[in-house]
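In the form predicted on its own, a lone chain appears below as structure tokens.
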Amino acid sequence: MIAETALPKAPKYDDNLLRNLGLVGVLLVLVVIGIVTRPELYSDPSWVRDNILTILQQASAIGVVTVGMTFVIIGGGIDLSVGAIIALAGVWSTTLATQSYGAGGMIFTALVVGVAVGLVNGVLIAYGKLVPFIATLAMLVSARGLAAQISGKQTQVSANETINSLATAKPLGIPLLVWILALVVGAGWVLLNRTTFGRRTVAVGGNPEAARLAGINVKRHTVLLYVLSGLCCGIGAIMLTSQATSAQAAMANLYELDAIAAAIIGGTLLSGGRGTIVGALFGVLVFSTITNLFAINNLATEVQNMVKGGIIVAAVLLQQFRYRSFTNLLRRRNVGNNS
């Protein structure tokens, strides 16, 4: 058995920096489009500042969820149930019984529900040997159904001022939700790049059998990845509840697709074994900026969705091209060294 300590650290690819710079370039292009289409707005410095904070706040909840999704995908899985988990956690945390325990009870409930559902996903996939797509798709339907049953298909209003104030508080002039996003992203970056957990995640996603032979408990680690995703969903549920001051079974609709798309655009390989937290964050910001750009220009949501779909397809094609080029380069180098 190979010693686990012999495993390499999370690989660092030269094109990660280039990809991130490319995403920054995309953001700048979107800003230029905004300036050209709505010059009267961008000529006001105070509006520009407020608009940047608005984009960041809109990206906060989906950004937190994307961090968890990135870990799952790097580990070789997929989670289609994140939106449903948010809905279930949000609805459960805003019932009258839960709200009677105050803000602490609501936050605790949301986190526990998220972790519990993530645990069920992980167990079904790791020990039940279900395909991640099927297991999480089934959980998507089940969690939405349970959320609808708990809420009676009604919107549940949050009467807790502490929870509601999370969306309006601005420490140092920056929305609290943005601070929460920064904290989660920072913690995710450290976890992926500076801990054994991160190295194990890359190893499991890259080659599960090699990871097992290296001494990693692949099944247990897979469960932990889905628990982490559920935890991020619990945090996201509280953030969305504070923004809307309510929760319902239909909340966070299609969040799973947005999170997967943001992770892919950020350079996370769908087959696992590769990805970055910073890149995923840039992916979230690109989508949030596109949404904001369409909003200030009063453009239809349908057109926005088509543009997003085109970006996703282009990102996947570019990712496949770069990955194949990188793999071929390594093969040529190995052949040259062997000869």
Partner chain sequence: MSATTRRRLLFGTAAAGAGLALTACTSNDTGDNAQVRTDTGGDNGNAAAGPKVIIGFSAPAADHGWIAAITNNAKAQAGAYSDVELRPVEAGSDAAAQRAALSTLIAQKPNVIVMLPHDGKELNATGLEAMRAGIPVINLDRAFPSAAAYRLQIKGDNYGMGLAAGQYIGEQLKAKGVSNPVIGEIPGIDSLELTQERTAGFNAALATFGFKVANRRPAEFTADSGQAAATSLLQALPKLDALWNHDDDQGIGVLAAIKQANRSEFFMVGGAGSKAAIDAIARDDSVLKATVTYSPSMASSAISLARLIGQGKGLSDLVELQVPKEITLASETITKDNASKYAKLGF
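Values in this document were obtained by computation on a predicted structure and should not be read as measured data. Numbering follows the first chain given and starts at 1.
The protein also exists as the form predicted in complex with its partner chain; that form is not presented, and the subsequent description refers to it.
Engineer: Please tell me which of Q243, N217, T95, N193 lies within 4.5 Å of its partner chain in the predicted complex, judged by heavy atoms.
Structural biologist: Only one listed residue qualifies here, and that residue is Q243.
Engineer: Of M106, V91, A252, A263, which one comes within 4.5 Å of its partner chain in the predicted complex, counting heavy atoms only?
Structural biologist: The residue in contact is A252.
Engineer: Heavy atoms within 4.5 Å of its partner chain in the predicted complex: which stretch in 182-190, 208-216, 107-115, 235-243 meets that?
Structural biologist: Within 4.5 Å of the partner lies stretch 235-243.
Engineer: Taking 4.5 angstroms as the cut-off for heavy atoms, does I174 touch its partner chain in the predicted complex?
Structural biologist: No, I174 is distant from the partner.
Engineer: So in the predicted complex, is its partner chain close enough to S100 to count as touching (4.5 Å, heavy atoms)?
Structural biologist: No, S100 stays farther than 4.5 Å from its partner chain in the predicted complex.
Engineer: Using heavy atoms and a 4.5 Å limit, would one call A159 a contact residue for its partner chain in the predicted complex?
Structural biologist: So A159 does not count as contacting its partner chain.
Engineer: Is it the case that T37, even though its partner is missing from this view, gets within 4.5 Å of its partner chain in the predicted complex, heavy atoms only?
Structural biologist: Looking in the predicted complex, residue contacts with its partner chain do not include T37, since no heavy atom lies within 4.5 Å.
Engineer: Pick out the residues of 143-166 whose heavy atoms come within 4.5 Å of its partner chain in the predicted complex.
Structural biologist: Contacting residues: G145, L146, Q149, G152, K153, Q154, T155, V157, E161.
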